[in-house]
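Let's start with one chain on its own, the form predicted alone, as structure tokens.
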């Protein structure tokens, strides 16, 4: 069992403590979807602002239709958007009205058109009795003037945007979307297609991390690839610190002789760095620092493809969500029945097993491990929608309930064994 391993929770807390939310800014309504509100929004007026019809039909007086069916004189028509001035419903009268139109003076209810029948020119028969207020939307029925529409910390979705537009809040203070630079390092990497030179591999980490950042709603900046050149790495990090809110690197953070990212950062004056061997498999090596001069967070992820993405999930994603003003930092966690054995050996680490979470035939959640659990086997992560979290010990048996971290939507049925 390895010594000096840092538990996942402790490592994450250290990172989160150093990553403060970004300063909120005034944000146009067109750009707020997905952002977190940083202020209280108060309604300046009632929504809806006036009594209006919720149906196409006839505006009437409930007292006139108490003994329905009754014949009423039609004295006018109101469409949505019409000015109702001068339109009055008196005893024995009705006004043709459309959904959303202002209720005319004198009327207190609306009979839907399906419950009426025409009765010659200028009159209508109302076939059912109504109570006052039937099919009438009152002012403030949705939002009352002076009430808090949304409070700080609200994650703004499309319906929120519609509500903000309805109360005239065309600009609100919201937390910015973090702008995150992604850098791959390593002499072994090549870009693009074509035959691979001896000893080389294609860079999959940077494209995957850029895609993951965009999928998570962050602004991703491609910083490119650099070999194991300390000067080039230092220059790229200095440039990134000046134009990004955070930086994600992959490779060069372990204990090897040519872990250049670790070496460069350790030599930076003013860089506050932490280098950890985390008690987790995969994604054990991890580095974190605040780049000078402004303290830009840097997440140093391991170079193996699966380790890089899992380390991102463990540390970078929660911290970036905190920077974006979010309070829900971690993925959802559920309990599911294991469909197969999940063996492991005690080693002091949390094991994260790539798996498929599904809704079984009886409606209960089931989770099935995938083959190919090596830290270099990226395809199995692509096929998974969850990670089974196995604490230190001997694992789990088929049928046992296990803890599952949800990365995507559960499938409709369990995959074949």
Ligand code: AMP
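Residue numbers count along the first chain shown, from 1. Computed from a prediction, not measured in an experiment: that's the story for all the values here.
Keep in mind the form predicted in complex with this ligand is missing from the figure; the text below concerns it.
Chemist: Quick one: of 128, 344, 202, 179, which gets a non-hydrogen atom within 4.5 angstroms of this ligand in the predicted complex?
Modeler: By the 4.5 Å criterion, the partner-contacting residue is 202.
Chemist: Exactly one residue in 141, 188, 229, 222 has a non-hydrogen atom within 4.5 Å of this ligand in the predicted complex; which is it?
Modeler: Checked against the cut-off, the match is 188.
Chemist: In the predicted complex, do 184, 252 and 305 all put a heavy atom within 4.5 Å of this ligand?
Modeler: Yes: 184, 252 and 305 each sit within 4.5 Å of this ligand in the predicted complex.
Chemist: Among the candidate stretches 297-305, 144-152, 163-171, 276-284, which one is within 4.5 Å of this ligand in the predicted complex when only heavy atoms are counted?
Modeler: Only one stretch passes the 4.5 Å heavy-atom test: 297-305.
Chemist: Are any of the heavy atoms in residue 108 no more than 4.5 Å from a heavy atom of this ligand in the predicted complex?
Modeler: Because no heavy atom of residue 108 falls inside 4.5 Å of this ligand in the predicted complex, the answer is no.
Chemist: Is there a heavy atom of residue 259 no more than 4.5 Å from a heavy atom of this ligand in the predicted complex?
Modeler: Taking the distances in the predicted complex, the answer for residue 259 is yes, it comes within 4.5 Å of this ligand.
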